[in-house]
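Next up: a single chain in structure tokens, the form predicted on its own.
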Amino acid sequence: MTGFGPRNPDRVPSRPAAERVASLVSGKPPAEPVVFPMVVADHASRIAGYPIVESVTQADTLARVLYTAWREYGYDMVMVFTDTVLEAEAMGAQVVISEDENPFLLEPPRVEKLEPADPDKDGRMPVVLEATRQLRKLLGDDVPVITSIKGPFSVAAFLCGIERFLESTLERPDEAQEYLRVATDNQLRYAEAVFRAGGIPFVGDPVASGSLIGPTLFRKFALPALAELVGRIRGLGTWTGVHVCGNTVGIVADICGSGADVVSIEIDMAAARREAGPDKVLMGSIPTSLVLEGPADKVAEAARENLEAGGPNTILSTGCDVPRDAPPENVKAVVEAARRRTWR
């Protein structure tokens, strides 16, 4: 089952995806761009015809829908991701999982005991780990399996309650640091479990967004924990990436400074490239609203513009997760734009 590429045989890349990704993150951009619109559990479930509740709670279904979406679109990586609150739930936060909506956190979280979870036993962490193992077996060595884990700042916020946690960074910094320490310890454990399962841990830190906190708080609270996690992941012998949602203008260079091999952004690609410099691998940043609303030719145009602005050190992607109800032709337009482009 390995080596499955885009449907048009004239545009199948000449080298396997994993080889091109490895070349890119090692500083040798391949001739053919790497492309990954961020298709995760909710959109993949819609494509494969499964309710979201089944995909985010059952490993077999999660692996099946993600594999189905990959075969449908022919992009270069598969991301195992269910929802942002998975780790906090495993640590005791209360989460609501409905039939066909993404899981969400009950506020206030009411965590009884602040301590790291066991990723092999607690909550739905084992679901993600087993889906990672299954996808690794299905895809072999030709396609990277990247497994999303949350940044410590976001996990801490979900455990404490987002509003209270952000308030504590200003008024009760010792409390914020206590939550951050436990959240970081949890994510270090989880990252190692993901790696053992055959996945590449990829860090998403949505609450660390510049839309919620300023650069000063990011550098004081989010960045040190993020850098510790990234350092541990890279110490395992693999590359990793960091995605921070929303407005990251002014902190792109800081995110690059975390040590991440890939920096995934939602902001304008040209602006991010100016901050990151020419050599950092950037991932993004086609607006998800455009992928949802289309039309496909406008999506393709945005994809081409992102490639031109980002240059060879770019993974063409959406700015964040592909919306659940995005038309398939719009997602295909992203992949097709990359397949039509070569750097040399």
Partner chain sequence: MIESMEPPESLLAALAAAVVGLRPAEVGTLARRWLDMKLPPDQAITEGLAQGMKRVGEKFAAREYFVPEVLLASRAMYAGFDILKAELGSDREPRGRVALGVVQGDIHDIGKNIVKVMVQAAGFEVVDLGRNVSVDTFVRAAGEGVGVVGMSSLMTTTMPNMARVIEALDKAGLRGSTRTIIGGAPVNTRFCEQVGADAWAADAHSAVIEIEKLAARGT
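Residue numbers count along the first chain shown, from 1. The model shown is predicted, which means the values in this text are computed figures rather than measured ones.
In what follows, reference is made to the form predicted together with its partner chain, a form of this protein that is not presented.
K.L.:
Can residue 292 be called a contact residue for its partner chain in the predicted bound form at 4.5 Å between heavy atoms?
P.N.:
Yes.
K.L.:
Since only the chain is shown here, I'm wondering whether residue 324 would be in contact with its partner chain in the predicted bound form (any heavy atom pair within 4.5 Å).
P.N.:
Yes - in the predicted bound form, heavy atoms of residue 324 and its partner chain come within 4.5 Å of each other.
K.L.:
Given that the partner is absent here, does residue 169 sit within 4.5 Å of its partner chain in the predicted bound form, heavy atoms only?
P.N.:
Heavy-atom contact with its partner chain at 4.5 Å: present for residue 169.
K.L.:
Is residue 173 one of the residues lying within 4.5 Å of its partner chain in the predicted bound form, judged by heavy atom distances?
P.N.:
No, no contact at 4.5 Å.
K.L.:
Are all three of 60, 145 and 195 close to its partner chain in the predicted bound form, meaning a heavy atom of each within 4.5 Å?
P.N.:
Not one of the three qualifies.
K.L.:
Would you point out which of 224-232, 177-185, 210-218, 112-120 contains residues with a non-hydrogen atom within 4.5 Å of its partner chain in the predicted bound form?
P.N.:
The contacting stretch here is 210-218.
K.L.:
Pick from 271, 105, 97, 253: which has a non-hydrogen atom within 4.5 Å of its partner chain in the predicted bound form?
P.N.:
Looking at the other structure, the residue within range turns out to be 105.
K.L.:
If we check its partner chain in the predicted bound form, which of the residues in 63-77 reach within 4.5 angstroms of it by a non-hydrogen atom?
P.N.:
Not one residue comes within 4.5 Å of the partner.
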